[in-house]
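Quick setup: one chain, the form predicted alone, written in C-alpha coordinates, and binding and motion questions come after.
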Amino acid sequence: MNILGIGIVFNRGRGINCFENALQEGWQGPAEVEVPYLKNKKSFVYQVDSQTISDKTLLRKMRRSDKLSKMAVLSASDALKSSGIENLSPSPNPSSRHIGREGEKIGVIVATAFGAHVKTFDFLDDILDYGEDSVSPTTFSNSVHNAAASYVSSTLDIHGPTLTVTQFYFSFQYAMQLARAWLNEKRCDYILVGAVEQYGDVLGYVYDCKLTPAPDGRIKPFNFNPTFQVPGEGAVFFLMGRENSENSFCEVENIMIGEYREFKTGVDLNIIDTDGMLPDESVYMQSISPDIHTAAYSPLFGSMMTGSAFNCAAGALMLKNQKYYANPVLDNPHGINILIGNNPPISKGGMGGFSEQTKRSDIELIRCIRYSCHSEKAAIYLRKNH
(Lines give C-alpha, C1' and ligand atoms only; values in the text may rest on other atoms or scores of the structure.)
Protein backbone atom coordinates (compact mmCIF):
# COMPACT_ATOMS: atom_id res chain seq x y z
CA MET A 1 0.00 0.00 0.00
CA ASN A 2 1.48 3.32 -1.11
CA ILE A 3 0.95 6.94 -0.12
CA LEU A 4 0.31 8.73 -3.42
CA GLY A 5 -0.76 12.15 -2.16
CA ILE A 6 -1.09 14.09 1.10
CA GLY A 7 -3.37 17.01 2.02
CA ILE A 8 -3.18 18.81 5.34
CA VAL A 9 -4.84 21.64 7.24
CA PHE A 10 -3.28 22.72 10.54
CA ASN A 11 -2.58 25.80 12.62
CA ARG A 12 0.18 27.07 10.33
CA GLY A 13 -1.63 26.76 7.03
CA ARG A 14 -3.01 24.49 4.37
CA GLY A 15 -1.15 22.11 2.08
CA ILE A 16 1.75 19.71 2.32
CA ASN A 17 4.16 22.52 1.41
CA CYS A 18 3.06 24.49 4.48
CA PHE A 19 3.66 21.43 6.63
CA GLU A 20 7.11 20.93 5.10
CA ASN A 21 7.93 24.58 5.82
CA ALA A 22 6.86 24.10 9.45
CA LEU A 23 9.13 21.06 9.76
CA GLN A 24 12.02 23.13 8.43
CA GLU A 25 11.29 26.26 10.46
CA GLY A 26 10.70 24.51 13.79
CA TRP A 27 8.54 25.46 16.74
CA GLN A 28 6.41 28.59 16.83
CA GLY A 29 4.21 29.64 19.72
CA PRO A 30 0.53 28.67 19.45
CA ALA A 31 -2.36 31.10 19.64
CA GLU A 32 -3.77 32.34 22.92
CA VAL A 33 -7.56 32.13 23.21
CA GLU A 34 -9.98 33.25 25.86
CA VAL A 35 -11.89 30.40 27.46
CA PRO A 36 -15.09 30.71 29.50
CA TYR A 37 -13.92 28.43 32.32
CA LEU A 38 -10.84 30.57 33.06
CA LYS A 39 -11.90 34.05 34.13
CA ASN A 40 -9.59 36.79 32.90
CA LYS A 41 -7.13 34.17 31.65
CA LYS A 42 -6.15 32.74 28.31
CA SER A 43 -5.25 29.27 27.14
CA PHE A 44 -2.83 28.12 24.42
CA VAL A 45 -4.31 26.32 21.41
CA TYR A 46 -2.89 25.19 18.06
CA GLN A 47 -5.94 26.50 16.26
CA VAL A 48 -6.72 26.60 12.54
CA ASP A 49 -7.39 30.14 11.34
CA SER A 50 -10.73 30.79 9.64
CA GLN A 51 -8.92 32.20 6.58
CA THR A 52 -7.22 28.82 6.09
CA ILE A 53 -10.58 27.19 5.39
CA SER A 54 -12.16 29.97 3.31
CA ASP A 55 -12.08 28.21 -0.08
CA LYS A 56 -15.34 29.55 -1.54
CA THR A 57 -15.07 27.50 -4.74
CA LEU A 58 -14.68 24.09 -3.16
CA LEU A 59 -16.88 24.80 -0.15
CA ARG A 60 -19.65 26.69 -1.95
CA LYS A 61 -22.16 23.93 -1.12
CA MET A 62 -20.96 23.68 2.49
CA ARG A 63 -21.89 27.10 3.83
CA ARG A 64 -23.82 25.54 6.71
CA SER A 65 -21.29 22.85 7.51
CA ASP A 66 -19.06 22.99 10.57
CA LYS A 67 -15.33 23.61 10.83
CA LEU A 68 -14.55 19.92 11.28
CA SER A 69 -16.12 18.96 7.96
CA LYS A 70 -14.55 21.88 6.10
CA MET A 71 -11.06 20.93 7.30
CA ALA A 72 -11.68 17.33 6.22
CA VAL A 73 -12.92 18.27 2.74
CA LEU A 74 -10.06 20.67 2.05
CA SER A 75 -7.35 18.24 3.12
CA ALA A 76 -8.98 15.35 1.22
CA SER A 77 -9.21 17.48 -1.93
CA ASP A 78 -5.56 18.52 -1.57
CA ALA A 79 -4.52 14.87 -1.18
CA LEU A 80 -6.07 14.15 -4.58
CA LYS A 81 -4.30 17.14 -6.13
CA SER A 82 -1.00 16.25 -4.47
CA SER A 83 -0.99 12.86 -6.18
CA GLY A 84 -0.96 14.40 -9.66
CA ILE A 85 -3.02 11.46 -10.94
CA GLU A 86 -5.11 12.46 -13.93
CA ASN A 87 -8.92 12.54 -13.51
CA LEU A 88 -8.77 12.22 -9.72
CA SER A 89 -8.26 15.85 -8.81
CA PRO A 90 -11.46 17.94 -8.83
CA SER A 91 -11.47 20.91 -11.19
CA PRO A 92 -11.52 24.44 -9.70
CA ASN A 93 -14.27 25.29 -12.18
CA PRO A 94 -17.58 24.80 -10.31
CA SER A 95 -19.37 23.73 -13.48
CA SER A 96 -16.91 20.89 -14.14
CA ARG A 97 -15.63 20.21 -10.66
CA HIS A 98 -16.86 16.65 -10.30
CA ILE A 99 -14.55 13.69 -10.63
CA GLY A 100 -17.33 11.73 -12.35
CA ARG A 101 -17.02 8.02 -12.97
CA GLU A 102 -13.48 8.01 -11.54
CA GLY A 103 -15.12 8.68 -8.17
CA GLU A 104 -16.45 5.12 -8.16
CA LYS A 105 -12.87 3.89 -7.79
CA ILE A 106 -12.19 5.88 -4.61
CA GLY A 107 -13.10 4.92 -1.04
CA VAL A 108 -13.21 7.32 1.92
CA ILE A 109 -12.23 6.47 5.50
CA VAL A 110 -12.25 9.21 8.13
CA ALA A 111 -10.60 8.61 11.51
CA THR A 112 -11.48 10.73 14.53
CA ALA A 113 -11.30 10.46 18.29
CA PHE A 114 -13.99 12.97 19.28
CA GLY A 115 -15.77 13.68 16.01
CA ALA A 116 -18.08 16.67 15.77
CA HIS A 117 -18.17 17.18 19.53
CA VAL A 118 -18.43 20.97 19.18
CA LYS A 119 -21.70 20.65 17.25
CA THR A 120 -22.87 17.92 19.60
CA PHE A 121 -22.62 20.27 22.57
CA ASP A 122 -24.18 23.08 20.53
CA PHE A 123 -27.12 20.78 19.87
CA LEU A 124 -27.44 19.91 23.56
CA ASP A 125 -27.29 23.60 24.46
CA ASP A 126 -30.09 24.30 21.96
CA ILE A 127 -32.27 21.63 23.59
CA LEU A 128 -31.73 23.24 26.99
CA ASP A 129 -32.36 26.76 25.64
CA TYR A 130 -35.21 26.19 23.19
CA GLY A 131 -36.64 22.75 23.86
CA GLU A 132 -36.60 19.61 21.72
CA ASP A 133 -39.11 20.96 19.19
CA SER A 134 -37.14 24.10 18.36
CA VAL A 135 -33.57 22.92 17.85
CA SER A 136 -31.82 23.44 14.53
CA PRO A 137 -31.89 20.41 12.19
CA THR A 138 -28.69 21.72 10.59
CA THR A 139 -26.89 21.64 13.93
CA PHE A 140 -28.12 18.10 14.50
CA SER A 141 -27.02 16.86 11.07
CA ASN A 142 -23.55 18.36 11.52
CA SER A 143 -23.22 16.75 14.96
CA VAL A 144 -23.36 13.22 13.51
CA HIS A 145 -19.97 11.49 13.57
CA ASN A 146 -20.20 10.47 9.91
CA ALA A 147 -20.94 14.02 8.72
CA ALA A 148 -17.35 14.82 7.76
CA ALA A 149 -16.98 11.65 5.67
CA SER A 150 -20.32 12.36 4.01
CA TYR A 151 -19.22 15.89 3.09
CA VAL A 152 -15.96 14.57 1.62
CA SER A 153 -17.84 12.11 -0.59
CA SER A 154 -20.55 14.50 -1.73
CA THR A 155 -18.33 17.55 -2.27
CA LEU A 156 -15.67 15.64 -4.21
CA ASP A 157 -18.23 13.52 -6.07
CA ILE A 158 -16.85 10.23 -4.75
CA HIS A 159 -19.11 7.19 -5.00
CA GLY A 160 -16.99 4.45 -3.43
CA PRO A 161 -17.51 3.03 0.09
CA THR A 162 -17.42 5.60 2.87
CA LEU A 163 -16.81 4.92 6.55
CA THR A 164 -15.91 6.73 9.78
CA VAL A 165 -13.63 5.03 12.31
CA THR A 166 -13.99 6.35 15.85
CA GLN A 167 -11.64 5.22 18.61
CA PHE A 168 -9.74 7.32 21.10
CA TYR A 169 -6.08 6.37 20.65
CA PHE A 170 -5.79 4.20 17.54
CA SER A 171 -8.54 5.35 15.20
CA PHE A 172 -6.04 6.39 12.51
CA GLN A 173 -4.15 3.10 12.75
CA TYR A 174 -7.40 1.13 12.41
CA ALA A 175 -8.41 3.30 9.46
CA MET A 176 -5.10 2.50 7.75
CA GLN A 177 -5.62 -1.22 8.35
CA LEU A 178 -9.08 -0.98 6.82
CA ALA A 179 -7.72 0.93 3.82
CA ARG A 180 -5.17 -1.82 3.24
CA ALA A 181 -7.92 -4.46 3.42
CA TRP A 182 -10.10 -2.61 0.89
CA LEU A 183 -7.19 -2.29 -1.52
CA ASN A 184 -6.18 -5.94 -1.10
CA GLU A 185 -9.79 -7.02 -1.73
CA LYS A 186 -9.90 -4.68 -4.77
CA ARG A 187 -13.00 -2.95 -3.49
CA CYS A 188 -11.38 0.31 -4.62
CA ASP A 189 -8.43 1.42 -6.69
CA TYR A 190 -7.69 4.31 -4.31
CA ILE A 191 -8.57 5.17 -0.72
CA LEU A 192 -8.74 8.62 0.83
CA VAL A 193 -7.89 7.89 4.46
CA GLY A 194 -7.36 10.64 6.98
CA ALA A 195 -7.84 12.02 10.44
CA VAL A 196 -9.62 15.16 11.59
CA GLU A 197 -10.09 16.79 15.01
CA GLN A 198 -11.52 20.10 16.19
CA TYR A 199 -10.82 22.09 19.34
CA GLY A 200 -13.73 23.21 21.52
CA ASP A 201 -14.23 24.76 24.93
CA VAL A 202 -15.54 21.52 26.46
CA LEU A 203 -12.57 19.57 25.15
CA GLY A 204 -10.20 22.25 26.41
CA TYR A 205 -11.81 22.10 29.85
CA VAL A 206 -11.41 18.31 30.01
CA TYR A 207 -7.78 18.57 28.89
CA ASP A 208 -6.99 21.16 31.55
CA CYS A 209 -8.72 19.16 34.30
CA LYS A 210 -7.27 15.76 33.47
CA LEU A 211 -3.87 16.64 32.00
CA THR A 212 -1.14 19.25 32.50
CA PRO A 213 -1.42 22.38 30.33
CA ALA A 214 1.92 23.68 29.06
CA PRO A 215 2.42 27.00 30.89
CA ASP A 216 4.37 28.54 27.99
CA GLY A 217 2.49 26.84 25.13
CA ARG A 218 5.40 24.50 24.44
CA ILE A 219 4.86 20.74 24.31
CA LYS A 220 7.99 18.97 25.60
CA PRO A 221 7.74 15.52 24.04
CA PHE A 222 10.86 14.07 25.66
CA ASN A 223 9.95 14.97 29.24
CA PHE A 224 7.69 11.90 29.51
CA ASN A 225 6.74 12.73 33.12
CA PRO A 226 5.44 15.28 33.82
CA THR A 227 3.95 15.82 30.39
CA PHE A 228 2.64 19.10 28.97
CA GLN A 229 -0.27 19.32 26.54
CA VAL A 230 -1.48 22.09 24.24
CA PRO A 231 -4.74 21.27 22.40
CA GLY A 232 -4.56 21.16 18.62
CA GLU A 233 -6.89 20.77 15.67
CA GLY A 234 -6.65 20.06 11.97
CA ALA A 235 -6.95 17.38 9.33
CA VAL A 236 -4.56 15.29 7.27
CA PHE A 237 -5.59 12.96 4.44
CA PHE A 238 -3.60 10.42 2.44
CA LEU A 239 -4.47 9.06 -0.99
CA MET A 240 -3.57 5.38 -0.83
CA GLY A 241 -3.10 3.03 -3.75
CA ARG A 242 -1.75 -0.41 -4.56
CA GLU A 243 0.86 0.77 -7.05
CA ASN A 244 3.50 3.50 -7.05
CA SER A 245 2.94 6.68 -9.00
CA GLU A 246 5.33 9.33 -10.24
CA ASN A 247 4.68 11.59 -7.25
CA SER A 248 4.23 8.93 -4.56
CA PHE A 249 5.70 9.55 -1.11
CA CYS A 250 6.43 6.11 0.31
CA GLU A 251 5.05 2.66 1.03
CA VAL A 252 3.09 1.79 4.17
CA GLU A 253 4.82 -1.50 4.86
CA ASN A 254 2.87 -2.54 7.95
CA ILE A 255 0.40 -1.37 10.60
CA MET A 256 0.68 -3.15 13.95
CA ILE A 257 -1.75 -2.74 16.87
CA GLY A 258 -1.78 -4.45 20.26
CA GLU A 259 0.19 -7.61 20.92
CA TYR A 260 2.73 -8.23 18.18
CA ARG A 261 6.32 -9.18 17.66
CA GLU A 262 8.42 -6.04 17.35
CA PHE A 263 10.13 -5.44 14.03
CA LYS A 264 13.26 -3.36 14.55
CA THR A 265 15.68 -4.44 11.83
CA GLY A 266 16.78 -1.61 9.60
CA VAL A 267 14.73 1.17 11.23
CA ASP A 268 16.34 4.54 10.56
CA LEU A 269 14.10 6.71 12.73
CA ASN A 270 11.49 6.35 15.47
CA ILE A 271 8.75 9.00 15.50
CA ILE A 272 6.88 8.92 18.80
CA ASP A 273 3.46 10.44 19.48
CA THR A 274 4.36 12.03 22.81
CA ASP A 275 2.11 15.08 23.05
CA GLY A 276 0.91 15.27 26.65
CA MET A 277 -2.21 13.17 26.05
CA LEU A 278 -1.07 10.62 28.66
CA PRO A 279 -0.52 11.69 32.27
CA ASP A 280 2.71 9.68 32.18
CA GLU A 281 4.38 8.95 28.83
CA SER A 282 7.35 7.03 30.24
CA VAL A 283 6.03 3.94 28.45
CA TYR A 284 7.57 5.34 25.25
CA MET A 285 10.99 4.65 26.71
CA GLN A 286 10.37 0.96 25.95
CA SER A 287 10.50 1.70 22.21
CA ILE A 288 13.49 4.02 22.20
CA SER A 289 16.90 2.65 21.25
CA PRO A 290 20.26 4.39 21.74
CA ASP A 291 21.19 3.22 18.24
CA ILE A 292 18.17 4.78 16.50
CA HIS A 293 17.35 8.47 16.36
CA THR A 294 14.04 9.54 17.90
CA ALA A 295 11.80 12.39 16.76
CA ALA A 296 8.51 13.89 17.95
CA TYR A 297 6.70 16.60 15.98
CA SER A 298 3.65 17.27 18.17
CA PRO A 299 4.98 20.77 19.11
CA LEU A 300 4.18 21.77 15.50
CA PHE A 301 0.47 20.86 15.51
CA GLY A 302 -0.62 20.24 19.09
CA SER A 303 -1.99 17.50 21.32
CA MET A 304 -4.49 15.28 19.49
CA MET A 305 -5.60 11.69 19.87
CA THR A 306 -5.09 11.30 16.12
CA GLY A 307 -1.72 13.04 16.02
CA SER A 308 -0.30 9.84 14.51
CA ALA A 309 -1.63 11.00 11.13
CA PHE A 310 0.43 14.20 11.28
CA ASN A 311 3.54 12.28 12.34
CA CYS A 312 3.02 9.87 9.45
CA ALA A 313 2.86 12.84 7.10
CA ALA A 314 6.22 14.00 8.48
CA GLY A 315 7.69 10.53 7.97
CA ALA A 316 6.34 10.32 4.42
CA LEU A 317 7.91 13.67 3.56
CA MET A 318 11.28 12.56 4.92
CA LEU A 319 11.22 9.38 2.85
CA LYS A 320 10.19 11.21 -0.32
CA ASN A 321 12.68 14.06 0.09
CA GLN A 322 15.39 11.88 1.69
CA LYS A 323 15.85 14.58 4.28
CA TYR A 324 15.54 14.55 8.05
CA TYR A 325 13.66 17.27 9.91
CA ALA A 326 15.05 18.17 13.31
CA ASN A 327 12.93 17.97 16.44
CA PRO A 328 11.13 21.29 16.97
CA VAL A 329 11.69 21.15 20.77
CA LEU A 330 15.05 19.84 22.01
CA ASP A 331 14.46 19.59 25.79
CA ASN A 332 16.00 16.20 26.56
CA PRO A 333 16.23 15.52 30.32
CA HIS A 334 16.67 11.75 29.82
CA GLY A 335 19.56 12.09 27.38
CA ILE A 336 18.01 9.95 24.67
CA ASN A 337 19.26 9.86 21.09
CA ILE A 338 17.01 12.55 19.62
CA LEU A 339 17.18 13.92 16.09
CA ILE A 340 18.88 17.32 16.29
CA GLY A 341 20.10 18.19 12.81
CA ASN A 342 18.61 17.69 9.36
CA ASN A 343 21.42 15.35 8.34
CA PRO A 344 22.45 13.24 11.34
CA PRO A 345 25.54 11.01 11.35
CA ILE A 346 25.32 7.27 10.92
CA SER A 347 25.46 5.18 14.08
CA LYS A 348 28.45 2.90 14.49
CA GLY A 349 26.42 0.64 16.75
CA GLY A 350 26.79 0.11 20.48
CA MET A 351 25.44 2.80 22.79
CA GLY A 352 24.85 5.49 20.25
CA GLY A 353 28.41 6.17 19.11
CA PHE A 354 28.51 8.35 15.98
CA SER A 355 31.08 9.40 13.43
CA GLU A 356 30.89 13.09 12.53
CA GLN A 357 32.82 12.30 9.33
CA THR A 358 30.17 10.09 7.74
CA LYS A 359 26.73 11.49 7.04
CA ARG A 360 23.61 9.43 6.35
CA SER A 361 22.65 9.61 2.69
CA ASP A 362 19.68 7.23 2.60
CA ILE A 363 16.50 6.93 4.68
CA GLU A 364 14.92 3.53 4.18
CA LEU A 365 12.48 2.76 7.03
CA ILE A 366 10.64 4.96 9.56
CA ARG A 367 8.53 3.69 12.45
CA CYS A 368 5.71 5.81 13.93
CA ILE A 369 4.79 4.72 17.46
CA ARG A 370 1.78 5.44 19.67
CA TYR A 371 0.75 4.15 23.09
CA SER A 372 -2.65 4.24 24.76
CA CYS A 373 -3.36 4.95 28.44
CA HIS A 374 -3.40 1.15 28.97
CA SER A 375 0.15 0.81 27.56
CA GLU A 376 -1.20 -0.76 24.37
CA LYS A 377 1.08 -0.07 21.44
CA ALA A 378 0.55 0.67 17.77
CA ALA A 379 3.19 1.19 15.09
CA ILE A 380 3.07 2.21 11.44
CA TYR A 381 6.09 1.32 9.29
CA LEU A 382 6.86 3.58 6.35
CA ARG A 383 9.38 2.44 3.74
CA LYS A 384 11.08 4.31 0.93
CA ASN A 385 9.74 3.57 -2.54
CA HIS A 386 12.13 1.96 -5.01
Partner chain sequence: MHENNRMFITGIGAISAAGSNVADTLDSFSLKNRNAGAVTLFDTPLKYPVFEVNKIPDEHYLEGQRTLSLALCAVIEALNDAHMEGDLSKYRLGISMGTTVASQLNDLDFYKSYRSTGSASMTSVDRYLKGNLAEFILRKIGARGPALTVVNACSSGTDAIGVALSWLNNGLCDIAIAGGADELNRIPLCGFGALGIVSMDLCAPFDRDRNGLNLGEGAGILILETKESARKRGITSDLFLAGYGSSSDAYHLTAPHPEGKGLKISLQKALIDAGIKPEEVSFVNAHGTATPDNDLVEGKVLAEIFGTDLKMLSTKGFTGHTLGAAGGLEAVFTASALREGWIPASIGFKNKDEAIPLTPVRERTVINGRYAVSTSLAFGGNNAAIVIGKV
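Positions refer to the first chain, counted from 1. Keep in mind that this is a model prediction, so the values were computed, not measured.
Omitted from view is the form predicted together with its partner chain, to which the following refers.
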> Using a 4.5 Å heavy atom cut-off, are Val35, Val135 and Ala147 all in contact with its partner chain in the model of the complex?
Replying inline: yes
> Of the residues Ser153, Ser308, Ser298, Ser82, which one places a heavy atom within 4.5 Å of its partner chain in the model of the complex?
Replying inline: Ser153
> its partner chain isn't shown here, but in the model of the complex which of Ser287, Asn223, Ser248, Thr162 has a heavy atom within 4.5 Å of it?
Replying inline: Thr162
>> Within 4.5 Å, heavy atoms only: does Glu86 come near its partner chain in the model of the complex?
In response: no
>> Under a 4.5 Å heavy atom criterion, is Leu269 part of the interface with its partner chain in the model of the complex?
In response: no
>> Check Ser282 for me: does it contact its partner chain in the model of the complex (non-hydrogen atoms, 4.5 angstroms)?
In response: no
>> Would you classify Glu376 as touching its partner chain in the model of the complex, given a 4.5 Å non-hydrogen atom cut-off?
In response: yes
>> Just to confirm the contact call: exactly one of 312-320, 232-240, 136-144, 70-78 touches its partner chain in the model of the complex at a 4.5 Å heavy atom cutoff, so which is it?
In response: 136-144
